[in-house]
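This document starts with one chain, in the form predicted alone, laid out as structure tokens.
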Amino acid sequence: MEREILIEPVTRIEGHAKITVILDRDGNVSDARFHVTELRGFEKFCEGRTLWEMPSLTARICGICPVSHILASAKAGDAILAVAIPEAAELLRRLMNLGQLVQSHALSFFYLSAPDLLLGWDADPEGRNVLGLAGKEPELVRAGIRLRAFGQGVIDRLGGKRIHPAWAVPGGVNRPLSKDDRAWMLENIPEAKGTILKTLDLFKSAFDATARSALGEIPTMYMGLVGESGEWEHYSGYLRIVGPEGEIVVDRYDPAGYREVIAEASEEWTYLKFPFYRPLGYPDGVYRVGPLGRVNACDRFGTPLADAELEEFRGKTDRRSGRTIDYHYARLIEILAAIERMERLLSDERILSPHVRAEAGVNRTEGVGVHEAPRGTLFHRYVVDENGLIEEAEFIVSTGHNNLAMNATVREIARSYISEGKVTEGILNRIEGGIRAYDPCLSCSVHAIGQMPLRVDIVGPDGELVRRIVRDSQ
């Protein structure tokens, strides 16, 4: 008999999605799918707009990671203008991107996932949220809020506002850093650093190797940008892809040529495309990006505290980690690395230079902008006419790269916990927790609109709906 259970309010992910779990005749899981059910179509909206509008325009794709689109768009513009931007402009763009990493990772961990990790997967859903966590761990939540506010403050002081700052432009940025704003950032770094070190200690003490297997483990490749000597990179550098054991698959690859190694597939049951590693084909060419992708791809961070944490992280496994929950571990290490990098940038006197923009006209008709957004590698590609009007725009965003892996994670968790068609609230939350670990931003990935409920359909072997569970995000 068909049964519908409505659970309100909805879950903690950004966007609109559902999950279908398909059962065999014994009531066990034969397959599971993560469906993204929204579409906006920014790639088409951009056609006919000018190159110089693109950073501000594409920032409107998302209110969570506008900085990521602003910077990738500006870099695509640099390529079309064929200019080398001023030193200070690159330093400032790097600084803003690090601020974005801090604020976005803090939001993901402290607001969205820490309630599950620290209150328990089976905790009462009415209290399994940031307010419930504040009742149990008030100092941690307060510190997490202040950490995110620090990252937002960096963005605000550079760009003039925290969301959608019209600041990075083709050729550089539109205003320099003031001494007062640099002083504010330097004054707040010690508190931010102390918060993330304490949080890392808490995470490591709460999650041993067994606990870190709670959301399953899948073998995939991993992709991220790295620097000249293989160090962690977030703004420029080369594409690197490594295998499950850390073996190099692609190295020192110019990201502007990404279409030679990355292709996209589509399925009729979701609006989110499936990027894959072209030489292995679809779906075998699955790889992951984001915190776990970057940490697995790089050789080191290049900053002392983060390198010490990376050594400890890798000491817990004899290969690259494929555990889904380690997205959170890697996310915390990246916050630490970002703060260390910010401190280093702010100590460089060149960052105060007033020369922050190179002027030029259209010198090429195609440009690619690539950098690391909090959720992973972000690609903007534009084709323009001689007047700089957009003829074609292509975005491959971080959440899209992870689509194959997110589906594999949903299957792994469903098969581990669902038996004879029985689904408890705690099992549902684990499935959601697997998705939240990737910190998906579906507004970016499919250019979608509105709130993001999550629906789970349990479907029998003959296609009949056995059970439906609907949840709204809070």
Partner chain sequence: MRESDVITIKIDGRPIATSAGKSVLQVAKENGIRIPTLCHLDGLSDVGVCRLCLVEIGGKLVTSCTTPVADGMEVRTDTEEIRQHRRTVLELIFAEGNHVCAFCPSNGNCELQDLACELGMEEVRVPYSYPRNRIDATHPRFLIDRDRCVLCGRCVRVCAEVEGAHTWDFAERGRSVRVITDLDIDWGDAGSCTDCGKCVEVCPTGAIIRKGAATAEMEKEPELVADLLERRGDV
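Numbering follows the first chain given and starts at 1. Just so we're clear, the structure is a prediction, and the values are computed from it rather than from any experiment.
The same protein has a further form, the form predicted in complex with its partner chain, not shown here; the description that follows concerns it.
Checking R357, R157, R314, K204 against its partner chain in the predicted bound form, a heavy atom within 4.5 Å turns up for just one residue: R357. Site annotation in the predicted bound form: the residue of L140, L389, L345, L197 reaching within 4.5 Å of its partner chain with a heavy atom is L389. For the marked spot (G48, E53 and S56), a heavy atom within 4.5 Å of its partner chain in the predicted bound form is present in each of the three residues. With its partner chain left out of view, the stretch that reaches within 4.5 Å of it through heavy atoms in the predicted bound form is, among 399-407, 169-177, 253-261, 332-340, 169-177. Its partner chain in the predicted bound form is not approached by K422, whose heavy atoms all lie more than 4.5 angstroms from it.
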